[in-house]
Ligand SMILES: Nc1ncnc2c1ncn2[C@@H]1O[C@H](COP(=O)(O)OP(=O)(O)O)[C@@H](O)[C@H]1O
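The chain below stands alone, shown as structure tokens; this is the form predicted alone.
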Amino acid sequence: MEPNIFTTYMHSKKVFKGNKDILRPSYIPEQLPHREEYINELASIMVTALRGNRPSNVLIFGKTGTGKTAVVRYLEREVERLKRENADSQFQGEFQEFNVHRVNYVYINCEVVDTHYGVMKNIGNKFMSEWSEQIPFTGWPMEKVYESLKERIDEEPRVVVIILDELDKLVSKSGDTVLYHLSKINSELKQSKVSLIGISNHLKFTEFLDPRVRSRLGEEKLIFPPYNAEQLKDILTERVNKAFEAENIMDDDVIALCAALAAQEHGDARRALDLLRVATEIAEREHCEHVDTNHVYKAKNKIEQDCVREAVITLPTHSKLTMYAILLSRTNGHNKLTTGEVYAGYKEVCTVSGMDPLTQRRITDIISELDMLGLVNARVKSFGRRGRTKEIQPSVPEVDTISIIEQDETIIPVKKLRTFEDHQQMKLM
């Protein structure tokens, strides 16, 4: 009988304890190191809800991985713990002025739910009663969705705290209409009260809001700074103590290296946790009983490669064709390309793939978008009276990225195109 493909890996030494998710950013630990100040500040604002009053709306800003979502979800969990403890008669006697059972949290990730209708539907369906009809995925007029949401929230006296994570994504795609409705909803409710917590990576996204929405939404503001290397080391150390079977499972400098690498990239705790988790998984796959710095560097390369792959796969078709033209030119010895050269190559790729090319102005915009994603490096170069253009070169592995693009079924014919003729520079209009 042939051995099962999983047999070798099933017999490898187990490094993790039962819950590997301890090293994932989504895990909320019992303590949040170096965020106690912000927990206390937000708690002092939200305690108003426990007294049955509406807390101030709060905007929380900070770069990715600075603990914004973790702090908000931590306080949400603490409210749920209070609800369980509230069943105790001693607790009721000591804090009888509070009614924690009247506090409800609704969490919406606006990177996933990024439309006015979707946000309203998700909030409304959180308060479905036995007799109420579920708001469908689509089909209702917005007025009906909004009225249904108000009726459901206002069925009984309560305080509803709505958390809108990645709020800038919602505003950039769908505008601020949903924020306008939610920020003024209290004037139309008779029994309930609504408070908003917005979380964003971008400090200046509020500049795009209607002044009325901006003033209502930003009653309180918190700005989370990035973690430094020492703080990231403390965070990782706490997680490691919970996640691994033995204390000596990794070298002392593994945690320090993960923290240092993440601190170089804006103090991102998510990055540090991912590095440590992937490094440990690689050690397990290699049947190693010990995690060392070599595993960390392997994890770093793997994560970066996965990020590039995800970014390229999700590109629109013409962005992929533009990227493909840049990469093929690079493999043929053209280190720095002008915008005109990229456009000439792009048109050739379009001809082979049977697609109508976009205008050069639009391709210039696409190049800027690729630059913003970190897939290419585009620097403006001036030629004096002859005008100016961009010098473009890829900032990702050429061969691997080409193979990723060629997996797109809509542009399979471009595989036939492996060389470009030299093209004269076209002036950027």
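Residues carry their position along the shown sequence, with the first being 1. Worth saying up front: this structure is predicted, and the values here are computed from it rather than measured.
Just so it is clear, the following notes concern the form predicted in complex with this ligand, a form of the same protein that is not shown.
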Exercise. Heavy atom within 4.5 Å of this ligand in the predicted bound form: which of Leu164, Leu321, Ala269, Leu276 fits that? Just give me the one.
Key: Ala269
Exercise. Could you work out which of Thr401, Thr69, Asn57, Thr389 is the residue within 4.5 angstroms of this ligand in the predicted bound form, going by heavy atoms?
Key: Thr69
Quiz item: Using heavy atoms and a 4.5 Å limit, would one call Leu32 a contact residue for this ligand in the predicted bound form?
Solution: yes
Quiz item: Though only this chain appears here, would Gly65 touch this ligand in the predicted bound form if you measure heavy atom gaps against 4.5 Å?
Solution: yes
Quiz item: With the cut-off set at 4.5 Å between non-hydrogen atoms, does Lys193 touch this ligand in the predicted bound form?
Solution: no
Quiz item: Looking in the predicted bound form, any heavy atom of Ile235 within 4.5 Å of this ligand?
Solution: yes
Quiz item: Pick from 331-339, 208-216, 235-243, 306-314: which stretch has a heavy atom within 4.5 Å of this ligand in the predicted bound form?
Solution: 235-243
